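In structure tokens, one chain follows: the form predicted alone.
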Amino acid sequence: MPDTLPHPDVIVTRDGSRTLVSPADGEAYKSRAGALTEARQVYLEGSGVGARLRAGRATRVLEVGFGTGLNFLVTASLAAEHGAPLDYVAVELRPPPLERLAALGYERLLAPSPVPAALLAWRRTLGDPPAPGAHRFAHAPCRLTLLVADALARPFEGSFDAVYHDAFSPRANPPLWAAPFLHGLAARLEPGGRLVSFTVAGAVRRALTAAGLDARKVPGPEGGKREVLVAERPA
């Protein structure tokens, strides 16, 4: 990727992948230590979804905080590679502007996967910003339902093999880390399913434990956060 960045809120993270910085509070959408590394190690692999997809198993994922879509892209790219059915539901209150998403270069970052280019082309059909409501994208064997909505006001339906909790931090967005919301996410997990996140805040771990999950700190990606969160529903 070229060194010249097209917008001040597009940054290059330590592993060479790009992410966005929120102009409202300065929080990065993905880890400054490595956006791609975080998406793969904390979410795809930490949740157990990577292992499921490599085994060809049908998998359902719920993501809170779709953001730039990088977590979905690494998950869908692996699902497509192995022909594993993926049903992915994500909620995002304020999708980033299309020109910012295009500047991230994820179609080059994840080449030769065709999913990033297809997702960007689909995003162009939604308008800028996309209207509130449910928007559906399909790229066999993957299905995405993007809910442009407030996660607090949107009831989630069905059960999931994994929850990617990737909202802005508890400091910036406390309601999405409060016990009532976390209990609702925990209730959507299948037995053996995992909720994963970048935060290991004590209040978050206690809330997930109270919801019946085995919440624990695990080592984070090398060069990034020392610890991240895995909370598993007992099988």
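Throughout, we count residues from 1 along the sequence that is shown. None of the values given here were measured: they were computed from a predicted structure.
Keep in mind that the form predicted together with a small molecule is not shown, yet the notes after this line are about it.
Close approach of residue 50 to the small molecule in the predicted complex, 4.5 Å, heavy atom: Heavy-atom contact with the small molecule at 4.5 Å: absent for residue 50.
Examine residue 80 and determine whether its closest non-hydrogen atom to the small molecule in the predicted complex is within 4.5 angstroms. No - in the predicted complex, heavy atoms of residue 80 and the small molecule never come within 4.5 Å of each other.
4.5 angstroms heavy atom contact with the small molecule in the predicted complex for residue 124: No, residue 124 stays farther than 4.5 Å from the small molecule in the predicted complex.
Should residue 173 be classed as touching the small molecule in the predicted complex when contacts are defined as heavy atoms within 4.5 Å? Yes, residue 173 is a contact residue.
Thinking of 65, 91 and 167 as one candidate spot, does the small molecule come within 4.5 Å of a heavy atom in every one of them in the predicted complex? The answer is yes: all three residues contact the partner (heavy atom, 4.5 Å cut-off).
Taking the partner as it appears in the predicted complex, which of 29-37, 200-208, 184-192, 50-58 has residues with heavy atoms within 4.5 Å of the small molecule? It is 29-37 that comes within 4.5 Å of the partner.
Contact residue in the predicted complex, chosen from 151, 110, 142, 119 - any heavy atom within 4.5 Å of the small molecule: None of the other options qualify; the answer is 151.
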